[in-house]
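Single chain ahead, by itself, as structure tokens, in the form predicted alone.
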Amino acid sequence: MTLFRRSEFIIACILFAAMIIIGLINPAFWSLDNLFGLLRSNVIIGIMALGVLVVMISGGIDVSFTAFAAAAMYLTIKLMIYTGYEGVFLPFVAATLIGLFLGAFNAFFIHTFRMIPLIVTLGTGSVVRGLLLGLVGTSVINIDKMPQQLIAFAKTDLVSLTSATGTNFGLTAMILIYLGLALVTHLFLRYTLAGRSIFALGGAPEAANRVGFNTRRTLIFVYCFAGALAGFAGLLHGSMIWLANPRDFAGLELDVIAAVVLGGASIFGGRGSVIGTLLGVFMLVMVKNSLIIMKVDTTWQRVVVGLIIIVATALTAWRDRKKLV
């Protein structure tokens, strides 16, 4: 009986129903090409959403991660071109560390000056984006200049097929990286003391302090974690689309936050799950993909995303208040 009342089960049922309805409206939805494309579109948003989930569980909010992702991607690729480095592992480590370092700035200002996370992350995101464009450059690094080893890495497919029209398509192996990070995040949140401290911080900060949790360390960790995942996702994004644009990810924070809230995370903190976030990401990507298939203008797509944020936030707020009564 508990299963049927869990938010993840309800989200899964809504997702299943939406897939059936969309499939009936447009049978092309069920083509392997489209489904593989859907899964591919989940990767970058999903990795970023894992970081945002952890921040939201702690009772915070982060809108700077897209700027951090763009900075980590562009700086790392610029450095690879300058040095002529031909590996893959170290660039991803570097991008992750850049994101982690920038995330630490968020934690420093929020904890030291007791500032509102939304204001801090709006400011740091704007500063990082401005410095990137003003000091590093605004030019797009296209496929001709992109490090070919990154492209080759991101082109790896688990399954490769040929459509009836003769075009090749496949299921990207990057989905394994996404699912691997999701599994690690799930295990960390559910089975470690540090993971429990994040829920405690978001649910009742004063109580968390009284029972002995180091809330300062927890706060630093969540923003560094979100920044690190953003940096990693940024470089992976550049590898998957074969170019590096310092203006990338502008506005994507709304999609990511919408997916996390849609997945059942509480805007008040103390509640959320990796499984719910995975479902929320898939649902959001599916809705946007379906609007594209139905040739809905991009302006109206933003309207739909905005409505999803409002409705999902209202439902989670109503659920949380109902539990308090």
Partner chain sequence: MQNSSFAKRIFGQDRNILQLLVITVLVFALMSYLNPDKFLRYYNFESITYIMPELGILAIAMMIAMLTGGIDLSVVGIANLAGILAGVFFHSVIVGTSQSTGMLLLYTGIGVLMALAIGLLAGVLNGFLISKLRITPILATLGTGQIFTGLAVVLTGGPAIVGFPDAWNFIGNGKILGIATPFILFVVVAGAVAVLLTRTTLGVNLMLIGTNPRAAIFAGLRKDRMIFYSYMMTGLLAAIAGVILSGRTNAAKSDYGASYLLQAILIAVLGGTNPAGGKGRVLGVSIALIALMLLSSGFQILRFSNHLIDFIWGGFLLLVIALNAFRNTDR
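Residue numbers count along the first chain shown, from 1. These numbers were taken from a predicted model, which means no experiment stands behind them. Rigid core here is just the name for the largest C-alpha set that superposes within 1.5 Å across the two forms.
In what follows, reference is made to the form predicted in complex with its partner chain, a form of this protein that is not presented.
A.B. asks: Consider Gly130 of the chain shown here, and say whether it contacts its partner chain in the predicted complex, taking contact as heavy atoms within 4.5 Å.
C.D. replies: Judged by the heavy-atom cut-off of 4.5 Å, Gly130 is in contact with its partner chain in the predicted complex.
A.B. asks: Although its partner chain is absent from this view, report whether Arg247 comes within 4.5 Å of it in the predicted complex, heavy atoms only.
C.D. replies: Because a heavy atom of Arg247 falls inside 4.5 Å of its partner chain in the predicted complex, the answer is yes.
A.B. asks: Looking in the predicted complex, any heavy atom of Tyr82 within 4.5 Å of its partner chain?
C.D. replies: Tyr82: no, not in contact with its partner chain in the predicted complex.
A.B. asks: In the predicted complex, does Gly306 come within 4.5 Å of its partner chain, counting heavy atoms only?
C.D. replies: Residue-level check for Gly306: yes, a contact with its partner chain.
A.B. asks: Assess the spot marked by Phe89, Ile98 and Leu150: is its partner chain within 4.5 Å of a heavy atom from every one of these residues in the predicted complex?
C.D. replies: No, because Phe89, Ile98 and Leu150 lack any heavy atom that approaches its partner chain to within 4.5 Å in the predicted complex.
A.B. asks: Based on heavy atom distances of 4.5 Å or less, which listed stretch (23 to 31, 253 to 261, 272 to 280, 40 to 48) is in contact with its partner chain in the predicted complex?
C.D. replies: After filtering at 4.5 Å, what remains is 253 to 261.
A.B. asks: Just to be sure I understand the contacts: of Val140, Val184, Ala207, Ile119, which is the one whose heavy atoms reach within 4.5 angstroms of its partner chain in the predicted complex?
C.D. replies: By the 4.5 Å heavy-atom cutoff, the listed residue in contact is Ile119.
A.B. asks: Need the contact residues for 88 to 126: heavy atom within 4.5 Å of its partner chain in the predicted complex, sequence order, or none if there are none.
C.D. replies: Going through 88 to 126 in order - heavy atoms within 4.5 Å of its partner chain in the predicted complex - the hits are Phe109, Phe113, Met115, Ile116, Leu118, Ile119, Val120, Leu122, Gly123, Thr124, Ser126.
A.B. asks: Once you line up the core, how about Val296: does its CA shift reach 2 Å between this form and the one not shown?
C.D. replies: Yes; Val296 is a residue whose C-alpha shifts (by 2 Å or more) between this form and the one not shown when the cores are overlaid.
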